[in-house]
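Heads up, the chain below is alone and in the form predicted alone; it's given as structure tokens.
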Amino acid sequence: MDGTETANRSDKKFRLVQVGCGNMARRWVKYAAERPDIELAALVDIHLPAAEALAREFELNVPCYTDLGTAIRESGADLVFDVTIPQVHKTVVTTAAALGCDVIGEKPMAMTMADAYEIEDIVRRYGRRYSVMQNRRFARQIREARGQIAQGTIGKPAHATANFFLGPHFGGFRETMDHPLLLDMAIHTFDQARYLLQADPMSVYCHEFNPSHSWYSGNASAVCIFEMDDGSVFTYNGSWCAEGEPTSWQGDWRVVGSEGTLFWDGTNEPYCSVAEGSLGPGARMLTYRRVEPSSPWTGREGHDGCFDEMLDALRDGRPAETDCSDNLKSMAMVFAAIESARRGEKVRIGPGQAYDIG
């Protein structure tokens, strides 16, 4: 790439249409308004007053629409933020791609794996990019934990486990879902496991259940065993009806390697406990030394960190870390786990695999 191309790329200004103007949309609009390389060109919501209210709140002099296609055509947009409900992500993303827009959207990609694969195919067919918000990859501590693993501090990872035990009383739709924990929340933890291990799932065995004390209608607890393609195993133990001693929303993590263990409680700094020395007479265990992260994460965290990566990827002409093709693998972990629980047996995970979650 010559200097002219580099300059042109750095001078690019995205013309943005945001579709979906509910409570979550505020964070997305705020981010867009703070970037000098984004020009917010229109707001879209099926409930027009919601779009107009969001425009007033942020003092945006932009047109508001109820139809995404019209908004894209009239604004000349080349980027869409999708902050709609999951049931319409497929329609939003495929409409935007067909009209020449890249898309950055909220998770999940779709309500079924079949729809997710179709979305990926359509986006690629139109030569566009579609990236998905996975903000929990961008906590500073998990980036530093990944750095320790990448440096070989614990040797080759063999067994990762995440414990997730909370008792949120949401009210509303989550408490009536069939699979509230796995379908609404677990993708964060599953995606984090893929990030930490830099490995993808090959199979899962899941037992999903609803304890007698649960205030959810559907299964609010699950235990999963994933076989990963690097030979490691990831186990997930989770509940959304666990009162007392809550874990972090990031989960409580151990990654056991050939030379030590990485530990992260989801709140405090990660560290490694590394074996050293040799067994003395009568000793059954080695001694261990604590190793703190040596490469601090300097990027932004959470939503902002993920936004930065997705926009940088568009500028660089590369797939984002959370590109739809990558995110399919995290989605597959969710749907395969639910099918495994339904069938009571191990389920294979692979490209193009669809799942029946009942």
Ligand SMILES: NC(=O)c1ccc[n+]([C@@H]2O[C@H](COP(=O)([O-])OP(=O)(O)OC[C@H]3O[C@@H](n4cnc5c(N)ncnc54)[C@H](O)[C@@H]3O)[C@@H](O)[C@H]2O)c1
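This structure is a prediction, so every number in the text was calculated from the model and none was measured. Start at 1 and count along the sequence shown; that's the residue number.
The form predicted together with the named molecule exists for this protein as well; it is not shown, and the discussion that follows is about that form.
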item	value
Residues C21, A50 and V88 all lining the named molecule in the model of the complex, heavy atom within 4.5 Å	yes
is_contact(R254, the named molecule) in the model of the complex, heavy atom dist at most 4.5 Å	no
Contact label in the model of the complex: K30 to the named molecule, heavy atom within 4.5 Å	no
Exercise: E106 in contact with the named molecule in the model of the complex, heavy atom 4.5 Å	yes
4.5 Å heavy atom contact, Q148 to the named molecule in the model of the complex	no
The single option of R128, H188, H179, R143 touching the named molecule in the model of the complex, heavy atom within 4.5 Å	H188
Listed residue that, although the named molecule is not shown, lies within 4.5 Å of it in the model of the complex (heavy atoms), from V80, M133, A160, C206	M133
Candidate stretches 270-278, 133-141, 152-160, 212-220 - the one whose heavy atoms come within 4.5 Å of the named molecule in the model of the complex	133-141
Contacts with the named molecule in the model of the complex, stretch 302-321 (heavy atom within 4.5 Å)	H303
